[in-house]
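The chain below stands alone and is given as structure tokens, in the form predicted on its own.
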Amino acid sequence: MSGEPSGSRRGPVAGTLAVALSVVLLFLGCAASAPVSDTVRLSRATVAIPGVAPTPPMGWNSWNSYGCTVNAQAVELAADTLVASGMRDAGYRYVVVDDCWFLPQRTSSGALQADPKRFPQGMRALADYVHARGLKFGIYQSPNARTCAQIAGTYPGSTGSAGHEAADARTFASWGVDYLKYDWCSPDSDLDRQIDDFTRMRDALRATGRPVVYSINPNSDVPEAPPGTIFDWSGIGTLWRTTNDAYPGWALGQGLAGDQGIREILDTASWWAARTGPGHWADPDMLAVGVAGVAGTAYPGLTPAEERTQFGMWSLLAAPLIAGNALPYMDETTWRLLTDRDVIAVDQDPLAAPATVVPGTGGKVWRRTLSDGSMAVALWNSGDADARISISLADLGLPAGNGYLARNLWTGTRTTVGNSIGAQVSAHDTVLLRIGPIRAS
């Protein structure tokens, strides 16, 4: 679906919203073996591009809503909606134009060029439009000879950045690009080659002197365990995709072997959650909140409970929050969830402490220490039936003898905590709490 979010282009993830006001999702899976333990740290440096992303990037990406039909008008409308809806003020700043924005051939001098029919004023003018609204501008490319859509045969040409890294980076800088999504899309998953190719563009971006968020996806179309899950890409990418693409479904039944639903991505989270931190963020792909699914398939769209789980758990994990829904057409429920400031505050907490599973809970309870000394706690019900989930303060690591107050971040309800905290959690839902000491007035 991207991260990006935040993936691969085995087929268009969306049809033309401007005409149909609906999303058509076409997916092809890829094989992946079971993950293994980390054996390599790819860089001693933890920051790929200095001066960007002290907290997880937030924004919007065009792919899920427009696929290869993306045009300047749609991007401008998305930017305007971010402002008018209050999403910009809630933290969503990046407007990212995904695959298929370019002509299928470069200029005679080898430069990339925007499709003049869909982007008649060019990408610099579009970036200026976005910047004028207090937002930042993002664009898409691939380290291979062809982009994901070109490899999939859904878009003509061969205009990837392989062999053009320095020139493309200069082009992006001249256009005012603030965010580059760089998507692998190749069955050649040789790790040394991946490291070289992603590092080459990182160095080219650095050489421009422009602070660009560098979002890499090393997982697309690889036949083995996704490198983003197995290896730590800190220092090479500002954010890196951790799994295969996220789809608007709960569980697609393939685990790491292809298409992944929200539960399946969260099942992998304990392997990569500890690698995140200021300037380098693990990216479990874009938000499927408000993204239409396909009836009768394994990705029918998320239920309200499943949307709360994705948004809440992505925030607990300090993941990038990159919306993929059709912003001008979102309903109030989607808008309220995406702009929930209490939950966003967890995602954007400057301490950036890693989220961890509480031992002995079977992955049902996660915790994360926040900068004010409080703790975010998620009670996650991955099962298909409602369940009571409880945890003692001792198991959370909270000192005994202190009074604590727990606030439910969905409802705002405050509860004084004795020795334990718990809730009845609906199937596929997540209760997100913020627990802190009761302070004397």
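A residue's number is simply how far along the shown sequence it sits, counting from 1. No experiment lies behind these values; they were computed from the predicted model shown.
One more form of this protein exists, namely the form predicted in complex with a small molecule; it is left out here, but the text below deals with it.
Contact annotation: the small molecule lies within 4.5 Å of heavy atoms from the stretch 239 to 247 in the model of the complex, the single such stretch among 364 to 372, 288 to 296, 239 to 247, 320 to 328. Of the residues 282, 205, 148, 213, just one reaches the small molecule in the model of the complex with a heavy atom at 4.5 Å or closer; this is 148. Screening 140, 311, 233, 172 for any heavy atom within 4.5 Å of the small molecule in the model of the complex leaves a single hit, 140. Among residues of the shown chain, residue 63 is one whose heavy atoms approach the small molecule to within 4.5 Å in the model of the complex.
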